[in-house]
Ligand code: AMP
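Only one chain is included here, represented as structure tokens and corresponding to the form predicted on its own.
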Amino acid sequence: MLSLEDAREKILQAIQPVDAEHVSLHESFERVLTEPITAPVNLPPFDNSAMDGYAVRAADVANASVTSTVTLRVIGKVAAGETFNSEVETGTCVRLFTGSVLPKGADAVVMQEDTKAYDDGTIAVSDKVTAWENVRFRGEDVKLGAAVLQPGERLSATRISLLAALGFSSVPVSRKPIVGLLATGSELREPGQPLQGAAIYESNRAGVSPLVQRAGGIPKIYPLVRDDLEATAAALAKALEECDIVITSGGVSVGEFDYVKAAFEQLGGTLDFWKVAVRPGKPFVFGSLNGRYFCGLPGNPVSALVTFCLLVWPALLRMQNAKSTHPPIQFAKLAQTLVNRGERRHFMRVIVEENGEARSAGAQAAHVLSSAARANGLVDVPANGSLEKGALVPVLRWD
């Protein structure tokens, strides 16, 4: 049985990145860059005013105060997007607004609040400014040619905003991997159908699908597969032909009706491993076939969700060549002691409150979905060990 770290490393070493494509900046949220980005312009592209006010020569108002104002003649007005063709000379000023180009000859901006305008075209300045006060310089934020973003970085809202400010309309990113979702089990029924006898509703595809999207993939849901070797092999073959990676749930243990591993090998696939020392989720399978990848999740709903987060999420990030292949982590303070009496490390479902404290979400059995629904994260509790109340622990956030 492999440790979690060894299993994850085997997967990450086996995965090859998908192709790259150019997408509109408006479609690039959380996509992974494939090329370095350098600034094609200065940001800002010119010296400009940081606020509404007046462009002045700082020396002209060096002695201005509330009791001893300085009078300047207004020789023009520059709105954002306009330019001023003359020069600010001694005793003059130009009306500016936030973002207005700083006129030639000016070296500071007096805030509007520190002035009083008169009908004769002059203003009284009641506070001094130093040279370059309230001025934003050309290239102060980003200089022309500077490295902005690197390959492997995911595009957040703020990174997209920066790219837009630099004039990019599209970006090179990794293609979103197509992720096939299969569920096996003769007892399974689609939600919405009537239940008869010992049938149950299938929930793993619905639960894993949004996690696939969070990891940057495109889920492709396939019909339920009955417990039959040939039917399982046929369903796997179709999904592997159409997808970059196929995720199954159920049928990967050692039961008489667990056909998934055998079906994959019948197709010519190579299984790298199928047991991982974690709870919930020991029976996890990883393999490959003709450049396509296969992950077999356990059938228990919580086991499927947990093993997806621990092993498949990193695989999908690696497929997109992301720098970081770990799901989001938040540190939280335990509001209670978490105890693991088992021989495998236990990823316990917890609720992280708004105050930053984490507590158990309830029953931790692999089939209990109600506590998973309450939980927003997982805490790794060591085998035959505990994490004490008050400890600061990393929480894998799956919400």
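The shown structure was predicted, so the numbers you read here are calculated from the model rather than taken from an experiment. The first residue of the shown sequence is 1; numbering continues from there.
Another form exists, predicted in complex with the ligand; not displayed. Remarks below refer to it.
For the three marked residues, T184, N204 and P298, a heavy atom of each sits within 4.5 Å of the ligand in the predicted complex. With the partner omitted here, the stretch from 285-293, 242-250, 70-78, 215-223 that lies within 4.5 Å of the ligand by heavy atoms in the predicted complex is 242-250. Although the partner is absent here, D258 sits close enough that one of its heavy atoms falls within 4.5 Å of the ligand in the predicted complex.
Remark: L188 counts among the residues lining the ligand in the predicted complex, judged by a heavy atom distance of 4.5 Å or less.
Although the partner is absent here, A147 sits far enough away that none of its heavy atoms falls within 4.5 Å of the ligand in the predicted complex. Although the partner is absent from this view, I200 contacts the ligand in the predicted complex, with a non-hydrogen atom inside 4.5 angstroms. Contacts between 107-121 and the ligand, taken as any heavy atom within 4.5 Å in the predicted complex, involve no residue at all.
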